[in-house]
Every structure is written in C-alpha cells, then in structure tokens.
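In the block that follows, a single chain appears as structure tokens, in the form predicted on its own.
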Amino acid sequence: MTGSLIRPTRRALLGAAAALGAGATARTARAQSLRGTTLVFASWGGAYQEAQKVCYCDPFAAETGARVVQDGPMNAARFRTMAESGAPDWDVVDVTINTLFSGAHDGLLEKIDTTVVDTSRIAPQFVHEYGIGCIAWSYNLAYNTRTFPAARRPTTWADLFDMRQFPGKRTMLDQPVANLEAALMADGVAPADLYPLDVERALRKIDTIKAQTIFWTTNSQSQQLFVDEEVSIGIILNGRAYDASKKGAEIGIAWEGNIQSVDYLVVPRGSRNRAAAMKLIEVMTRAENQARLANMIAYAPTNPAAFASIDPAISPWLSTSPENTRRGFVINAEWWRQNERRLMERWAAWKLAR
C-alpha cells in the first residue's frame, strides 16, 4: 500500500465497530471456534491499519474467540527474513503486489486454502494462488479543474503529452513504474498490448515533456503539487486525488487507461497459525466488511458485492467501481518483478541525460 487516504474520525470508527459487532453476533454458530489462538496481523500502520482492525480483526476476534495482535509497519526486507526463517512472527500480512509475486516465486508464501476462503467472491483479477487482494488503487491522470474547466478537461494519457491543448507544468513519478505504461498508451499502444514494455519508445515519449515535468518521490508530494497549484496536470494515485478534493483542492481525475495496483493478504511460509490465518482472510474478504472499510478510508474493495453498501459519493473515486474497472487494467507485476531493477538503473540514467 503506497499512500494513506482520509483519516477516519472517532465517530466513524465507533460506528463501524458497533455495526460489525452486530454482524458478528449473527454468526453464533461459528463463534469461539479459535478460542485460545493468538494471531499477528501486520500491515502499514496509521489510519489504514486502524480501519482494518475495526472492520476486520475485531469482528474476527468476536466471532472466533481468537486474539489478534497488531504489528508493522510492513517492511519487505523484514517480511522476507521472517519467511525465509520458516518461523515467522507474522501470520497474516498486507503486502504490495510486488511482494506477492516475488514471495510466490521464491517459495515464501503458503497457498491460500480455498476450502476456507471463498475466492469466488473476489474479482478474478485479484485472486492469486498465494494471496487474495484486499484493496485496490490506481494511477490516474489528474488535472486542475479551474485551469481546465468542464468543456476542455483532459480525458486520456495522450492529453498529458499535449502541451498545446493542455499547457502548464506536469508531474510524474520519479520512477519508471506506471510512467512507462502511461507514455506508451499516450503513444497509441493499447493496454492489452503493453507488455513487454517498449522502454526506449516510452522514454522518447516522456522526453517531449521532460523539461516541463516535476517528478515526485512521495505520494504526499504528488498531492501537495496539486494543492499548491504548482502543476496543472499529471499522474497521481486516485486516493490522493480524493483526499485533496475533500480538502478543497481544485482537482479532478480521468479514468481512461487507469493503471491499477493491489494490496494482497498473504500468509508467510511456516506460519504457526495457518488455519486461523486463512479464517481471518475469509473474514477480511466479506462484502460487508470491505464496504465498511471503504466508507471509512476510501480504499477500493476487491469484492464487487461491497459496492452495494458503499457511499455513492465515494464510489466514483474508487478504482474497482464497475465503470472504473472496465476502463483500466491491473499492472503486470510479474513483468516488473523480472525487470524493475534494470529499469530503475535505466530511469536514473535517463533522468541525468539532457
């Protein structure tokens, strides 16, 4: 998970807890089945993990009798060291798509037990043999709504590179991930034909706006660039745009060709509580629980049924809403796993070149 969104209020946390408590009571037939078990759940900390605790871990504890200890923040190197030891401290971990694919490739993860976790409830693009998607976000084209009023707003990645129709400073990530995909789509490549990426073609395209582009290194910086109106158009995470909008920024986003990424729930190899860990993942993938989390912190669910209970004012900002899903695609994490180190070096060299 690469960025934090709106911080839930105490009232929202208490309201969600009350609603979830009622739902857990209704499942009395399965209650207290794990009494005496202690699980460790690791995530990214902050408001996001607090929402996960309220919406996922607390109802799981109430339903099964297990105790869930919170830990983190998630760190890929620490996770790998634990899993390689075969005796991890963490039982269920919220990881990025890159960690999922590298961990699966290197044999560091337990397979998802589909007799416990109903994978059919999750959108198929977010189901992996070794992990289940829990939230999704996307890289989007964002723009200043005052600079570009409704009649002439940018709608596609090509507009990011059109300095005549859409003048002003740009912003992109200070890394190749997502930038290369956006550049190639702007140059006419269909999403289905992106991989393997034509890296040099993409860099030549970015060359056309390089001098007018501010490259951001953190999600907070990308958001602040729009809040301060230092840029008029560029790439930003959908959640950061939503947060900026709620705080009064003149910002909008386009959804055509949105580049989606996912956080996955995984169980590190050798977990002492594998069965209980699978049960926690089952609770975390229920529609009602994912809907409550989305309403609290505006992260997109991976269970499509959750949208029936998500605030209509939030749904249009979420990458997995039916319309936004149709207009985007999930980034090819396996291709990036194989090529990211090489391309980070190529990106650094390109940045230094005039």
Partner chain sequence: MEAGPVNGRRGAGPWLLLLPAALVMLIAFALPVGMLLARAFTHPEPGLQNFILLWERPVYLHVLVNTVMIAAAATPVTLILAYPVAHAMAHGSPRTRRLLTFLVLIPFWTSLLVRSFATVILLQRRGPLNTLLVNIGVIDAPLPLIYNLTGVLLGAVQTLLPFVIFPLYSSMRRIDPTLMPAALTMGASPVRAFLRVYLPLSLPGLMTGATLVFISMLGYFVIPALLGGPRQTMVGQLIQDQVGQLGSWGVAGALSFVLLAVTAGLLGLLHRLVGLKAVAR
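What you see is a predicted model, and the numbers here were worked out from it, not measured in a lab. Numbering follows the first chain given and starts at 1.
One more form of this protein, predicted together with the partner chain, exists but is not displayed; see below.
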Heavy atoms within 4.5 Å of the partner chain in the model of the complex: which of the stretches 211-219, 121-129, 159-167, 280-288 has them?
211-219
So which of 207, 256, 229, 113 gets a non-hydrogen atom within 4.5 Å of the partner chain in the model of the complex?
229
So which of 192, 150, 77, 87 reaches within 4.5 angstroms of the partner chain in the model of the complex, heavy atom to heavy atom?
77
Just checking whether residue 203 would be counted as a contact of the partner chain in the model of the complex - the rule being heavy atoms within 4.5 angstroms.
no
Does the 4.5 Å heavy atom contact test between residue 245 and the partner chain in the model of the complex come out positive?
no
Residue 175: heavy atom within 4.5 Å of the partner chain in the model of the complex?
yes
4.5 Å heavy atom contact, residue 340 to the partner chain in the model of the complex
yes
Select from 316-348 the residues with a non-hydrogen atom within 4.5 Å of the partner chain in the model of the complex and write them out in sequence order.
340, 341, 344, 345, 348
